[in-house]
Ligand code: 5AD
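Starting off, we have a lone chain in the form predicted on its own, written out as structure tokens.
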């Protein structure tokens, strides 16, 4: 295992069987996480980039079996922010020093192209990068958002195991998901994807395939987090909660794609009180504090036990900032596009 870790750190390349061996092995975990942290420091530096997360609607037309805001969850308390409210949230985030806004929602058909493009244009006037995480759209819709100024798009594949994907995402198509990713890349977005670790029926080998998939399509950001079962979904009784395996998956992704952005996901901290700090020390370099205000923070419940739902956006910003500084890292002052650190240090 030591030789595999050295190979990954030096060459940024591993085969599927080698990745699976590292994921299976328990004795090499600490060495793997340390190698990922060294690679992070060398390729993206000490900055942690903060992205202001606005969860603007929990209506969703999809029915994913693992998700608390799935269409058929009749117990979900639904909401959607008005366009002007979203813009106000973004303005408040800008005043707190954020340079990127992440607009995230379920696949809510209320938010038409016209509505969304107007919101994007208004936020761009604040000199902020805009990331969208709003699901599967047509090429023309993606193009409209890009033309309006959207910089990044996050669309997680969740799993590259097609049979598992279709079982957990009824009515959806894995091939269409990939089509969306390719459309986004061709339009010049910084492309984000990601996976869920610990899904029922998921094998270690399919997790290895996920990592290789991210490398193959050339993602600029990979969000990797543990599956946490929600009581109001068909997977309520599943085990999930694979914290260490999620960390290892994230660490190997860092070793194989050394200059991409990798968030320390909120789900990590739901399972471990120090989850985001552990992730930041294991290859991650991004945190997405929630700047959604009021009761809406509780209502966007993809999984139970979500952290910080009773905090204010300002308190979240102060808290995570203090944690970042406590481990000797710095808070990024730029927009945190992929490759910025290497460009700056080559000049």
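Keep in mind the model is a prediction, meaning the values are calculated, not measured. Numbering follows the first chain given and starts at 1.
Form predicted in complex with the ligand: not shown, discussed below.
Between 213-221, 244-252, 154-162, 75-83, the stretch whose residues reach within 4.5 angstroms of the ligand in the predicted bound form through a non-hydrogen atom is 154-162. Taken together, 58, 119 and 296 are entirely out of contact with the ligand in the predicted bound form: none brings a heavy atom within 4.5 Å. Within 4.5 Å of some heavy atom of the ligand in the predicted bound form lies at least one heavy atom of residue 104.
Using a 4.5 angstroms threshold between heavy atoms, residue 196 counts as touching the ligand in the predicted bound form.
In the predicted bound form, the ligand sits within 4.5 Å of a heavy atom belonging to residue 228.
Proximity of residue 43 to the ligand in the predicted bound form falls outside the 4.5 Å heavy atom cutoff.
Interface residue among 67, 50, 280, 32 relative to the ligand in the predicted bound form, by the heavy atom within 4.5 Å criterion: 67.
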